[in-house]
Ligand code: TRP
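What follows is one chain in C-alpha cells, specifically the form predicted on its own.
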Amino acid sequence: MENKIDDEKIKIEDVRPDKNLNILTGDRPTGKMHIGHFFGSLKSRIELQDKFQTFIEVADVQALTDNFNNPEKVKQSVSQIIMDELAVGLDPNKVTFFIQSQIPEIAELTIFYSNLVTIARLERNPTVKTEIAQKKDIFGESVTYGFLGYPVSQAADITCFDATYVPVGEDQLPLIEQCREIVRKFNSIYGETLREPVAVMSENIRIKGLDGNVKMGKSLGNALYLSDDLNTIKEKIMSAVTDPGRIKKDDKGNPDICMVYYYHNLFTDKAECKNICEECKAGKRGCVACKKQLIESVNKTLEPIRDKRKYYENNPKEVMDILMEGSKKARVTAKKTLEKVKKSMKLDY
C-alpha cells in the first residue's frame, strides 16, 4: 500500500509532515475538557494540524456505551467539546470536525469487523479490562455488548478515514494494536485494502489530578477545566494536595510529592520551577505563597482560552455549523472507504 508506515508507534517529534496522510483523533462527549486533555492531546493536535489532513471525531456513539441511560448528557456535551477544541487554537479551516453518529459508514464497518474479533480477544484487551473494572457501578457483573465491542468501533473510526497516524496516550496503545490486528485479518482474508495505523505518542501521557490521583478525570472531581474562571481556579488550587510532612511554613519540603509543584512544571517556566524547588527544599517558601503563584501561572494560560471560548458560547449556531459542515465533508472520505471495503468483500452489488 502506498505511503505505508512500518512503525507501530512513534513519538510526535519524530513524525514527518505529509499532507497526503490522514490523522484521526477524537473525544467522547461526556463533559467539558480539562488540562489533562490540553497537555495530553490538544497541544499535539494543534502542532499536527498544519502537517496532515486531520479528522477530529466527537465520538457520541462510543460515549453512549456507558452513558446509554443519559443521552441528554452526551448531546449537550457535543458542543462543549468543540468549543474547547476551537478555544485552544484548532482551526476548522485546517481540521475536519465531525460527529460519529452522522457517519453511518462507521457503523457498517463496525459490523463487518465484528466478525474478525473473538469475544475472548476483546476481554483480554488491557484498556477494556481496566475500564470495565472502573465502571462496575454502571455495569455490575454484566458488561454490555456495546461496551465490550467498542475497540471494534474504534477500528472502524480509524480505518474509515484511512488514518496513518492516531495520537494517543500510553493507556490507549492496546486499542491501536487491536485495530492493527483487525486490519491485518481483513487484508489477509479479503486482499490488501486497509492501512495499519501508527500510534503517535504525545510528550505528556497522563496528567495527575489535583488530589494526587494518577488520572485527572471528569468523574473523579479532581480536574482543572479549560473553561474554569479565576475564582474557580483559586478555589481548586488552594485545596490541592501538598507535602503532608510540611507542618510549618519554614519546614523543609519535598516538592516531588507536592501537586502544586507538579503543576508548576506544566505552567511555570523552567528557571522559576528550579527556584521554587530549591526554596521549598530549604524551607524558604510557604505552601500558600506557592499556590498563589501557581494560580497566576494557570490563569495566564487559561484566560485567553476562556476569552475565545466565550465567543463560541455566544454563537452556538456557528459551532453546530462547523460540526455539520465537517460531518458532510467527512462522509465523502467515509463513503470512499466503505466502497473499497465492500468491493474487497464482494458486496459491491
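This structure is a prediction, so every number in the text was calculated from the model and none was measured. Numbers follow the displayed sequence, beginning with 1.
Below, we refer to the form predicted together with this ligand, which is not included among the displayed structures.
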{"query": "Contact test, all of M33, L210 and S227, partner this ligand in the predicted bound form, heavy atom 4.5 Å", "finding": "no"}
{"query": "Contacting member of A334, V15, V341, L24, with respect to this ligand in the predicted bound form [4.5 Å, heavy atom]", "finding": "L24"}
{"query": "Listed residue that, although this ligand is not shown, lies within 4.5 Å of it in the predicted bound form (heavy atoms), from L42, C280, A59, V298", "finding": "A59"}
{"query": "Stretch from 255-263, 75-83, 140-148, 158-166 whose residues place a heavy atom within 4.5 Å of this ligand in the predicted bound form", "finding": "158-166"}
{"query": "Residue contact check: R28 to this ligand in the predicted bound form, 4.5 Å heavy atom", "finding": "yes"}
{"query": "Residue contact check: Q172 to this ligand in the predicted bound form, 4.5 Å heavy atom", "finding": "yes"}
{"query": "Residues within stretch 270-294 having a non-hydrogen atom within 4.5 Å of this ligand in the predicted bound form", "finding": "none"}
